[in-house]
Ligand code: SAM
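Shown here is one chain on its own, the form predicted on its own, set out as structure tokens.
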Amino acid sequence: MKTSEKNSNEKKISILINEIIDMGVSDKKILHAIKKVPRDLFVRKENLNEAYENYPLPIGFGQTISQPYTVAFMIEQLELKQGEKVLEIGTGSGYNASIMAKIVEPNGKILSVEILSDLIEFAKQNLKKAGIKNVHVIHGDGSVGYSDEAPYDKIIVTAGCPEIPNPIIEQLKEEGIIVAPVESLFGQEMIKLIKHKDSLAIKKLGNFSFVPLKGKKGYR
């Protein structure tokens, strides 16, 4: 990368981070991760000039890379800690997983499930270019979770759900957190679910817009 291009990206990242802060995200670990993970490595070539704009971008096959603020907001609600094992439903281009990976490293890891085979190689290539080694991309139906590595400390769903699928809740540890956009009367509402021993605590976090969750427990 040319020095002028690098300086331009650094300026764009700084502006983006300030905008995310102004929108209410304050977790320094997340802001640091956004600074360290180049979003331009996770978008299509035709969208490179928009890589650091604060809005979603198409990545092909009817999917998008989420708005940076939305990524930061959801991850902040997860309350991630170093060393945690996280399940992500919907890998997309791999950007969201990369931000989380930076927060849980060096001993934590992200298991990211993607149902669209066309996106698997794209995400893996992006992760490799970004030098992210603690994200494991799995081709499968994320609407039923990924039982092979359960239970998880935290789970994030990056697609709109009819409801939070029971298999995913079952794969969450006690006192673990799920963050997911769920169908509501007015589109989709972000839900934060905390799994206690004998109950589920649910907090509503406002309206968002995501592509629909595909799979057995999603929208077929």
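The model shown is predicted, which means the values in this text are computed figures rather than measured ones. All residue numbers are counted from 1 along the displayed sequence.
The form predicted in complex with ligand SAM exists for this protein as well; it is not shown, and the discussion that follows is about that form.
Across the options 88 to 96, 101 to 109, 146 to 154, 75 to 83, residues that bring heavy atoms within 4.5 Å of ligand SAM in the predicted complex belong to 88 to 96.
In the predicted complex, ligand SAM sits within 4.5 Å of a heavy atom belonging to A159. For the chain shown alone, V211 is a contact residue for ligand SAM in the predicted complex, at least one non-hydrogen atom being within 4.5 angstroms. Among heavy atoms of I30, none comes within 4.5 Å of ligand SAM in the predicted complex. When ligand SAM is considered in the predicted complex, N54 lies well away from it, no heavy atom lying within 4.5 Å.
Counting a residue when any of its non-hydrogen atoms is within 4.5 Å of ligand SAM in the predicted complex, the hits in 98 to 125 run V113, E114, I115, L116, L119.
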